[in-house]
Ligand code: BGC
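Next up is one chain by itself, shown in structure tokens, the form predicted alone.
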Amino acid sequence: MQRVKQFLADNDFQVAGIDPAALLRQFDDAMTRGLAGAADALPMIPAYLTITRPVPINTRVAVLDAGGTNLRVATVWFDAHGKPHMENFARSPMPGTQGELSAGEFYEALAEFLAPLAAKTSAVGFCFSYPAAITPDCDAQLLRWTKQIKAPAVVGTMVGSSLRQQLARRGCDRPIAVLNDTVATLLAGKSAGVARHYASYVGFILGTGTNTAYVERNDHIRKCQGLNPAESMAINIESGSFAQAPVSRFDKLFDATTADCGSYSFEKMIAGAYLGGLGGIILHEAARAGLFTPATAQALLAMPLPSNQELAAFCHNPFLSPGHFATLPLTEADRRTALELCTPVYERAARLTAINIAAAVIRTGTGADPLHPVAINMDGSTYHRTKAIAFAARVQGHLRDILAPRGIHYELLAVEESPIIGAAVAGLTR
């Protein structure tokens, strides 16, 4: 055990040494500078959506959710208790995943899928989870595609107004509010607030990637002119790009294997697309350092980097040997060493996740009144399904340790289908 601890320390891999107070200050500074427009800070993207307007009850809105390989539609309405009711749900392949499309073909495909539901409603909420610049009228200009979408002519276009034009051609011109999935996660929590009367809202996603949204006062958003200083709006932090968390030699080695080397270092320390690979790098380096028996070291060096699912399952039960771990000739001592090396990957991720969430909660400036806590809607498979170290419970413990001494009251939510529900709130309250 001591040998493993020394190995991690020699490579600057910190867990117990993480200073939450210092990181919270750095997070807050990066947020403040981002709100002022600093290029070397967090992006702090205004969503131009407020939480102050009540969610209309018994009013249907059409929802379109585009953010992966599937495109989803539904109609949603909220009852007097804020409970969402989803109807007419349908799914189809995301346009551009089955061959390249022109801009016209792309928007025609969206409109064809959405039009039957838009015709039954008076507005549309559009959760569009690709890099885009949100405009004050709740439209969005696509900056670039991710997730292998093949529709290059769409880049640079205004997705909301372009879709609205196609809907108008089908006789159902409707106002469209465009938002990303993290802001939708925040707004999905607002539906629960109808009955609970929360002071403010935070949306947090930890899945393949990670991001955070919270509610900021307009007078703090210095980079935007003409805002009503008495109001507030949701801010998409792009928290995965936070650059002040202490990185280890392992983080640097793993970062060099990624397509976006040098960016989103924080995301690579906590999100599901990266934790398995980071743990694999640690195992490889430990094998080179002689921490395993010769046969296991040789097998480890030949083993591809594992997925997060494989690594988390191994850390949860090291005798299962899932996936690539099944190829290793692990002795009892090897198994213990691998567990001691990889468990800190999740321990560190849990601490950093809690600091990330706490920074957003503190930034709302609310939560002092136990009658009106801050609602934190938690979404994402890595947070909810990672069994290693009972991950979600560990995050919650660290979050409590940070916020309770500050007298901040909060409640964790897990609203199902948050992208759809949040888009519905946006469509109804825009």
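Everything numeric here is computed off the predicted structure, so don't read it as measured data. Counting begins at 1, following the sequence as shown. If you superpose the two forms and keep the largest set of C-alpha atoms that fall within 1.5 Å, you have the rigid core.
The protein also exists as the form predicted in complex with this ligand; that form is not presented, and the subsequent description refers to it.
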Any chance Gly209 has a heavy atom within 4.5 Å of this ligand in the predicted bound form?
yes
Distance check, Ile205 to this ligand in the predicted bound form, heavy atom within 4.5 Å
yes
Whether Lys147 contacts this ligand in the predicted bound form should be assessed with a 4.5 Å heavy atom distance threshold; does it?
yes
Heavy atom to heavy atom, is Asn308 within 4.5 Å of this ligand in the predicted bound form?
no
Any idea which of 217-225, 279-287, 123-131, 352-360 reaches within 4.5 Å of this ligand in the predicted bound form, heavy atoms considered?
123-131
Only one of Asp334, Glu347, Asp255, Glu267 has a non-hydrogen atom within 4.5 angstroms of this ligand in the predicted bound form; which is it?
Glu267
Even though the chain is shown alone, can you say which residues of 176-197 have a heavy atom within 4.5 Å of this ligand in the predicted bound form?
Asn180, Asp181, Thr182
If the two forms are fitted on the core, does Ala66 show a Cα displacement reaching 2 angstroms between the shown form and the other one?
yes
Please state whether Cys127 has a C-alpha shift of 2 Å or more between the shown form and the other one, with the rigid core used for the fit.
yes
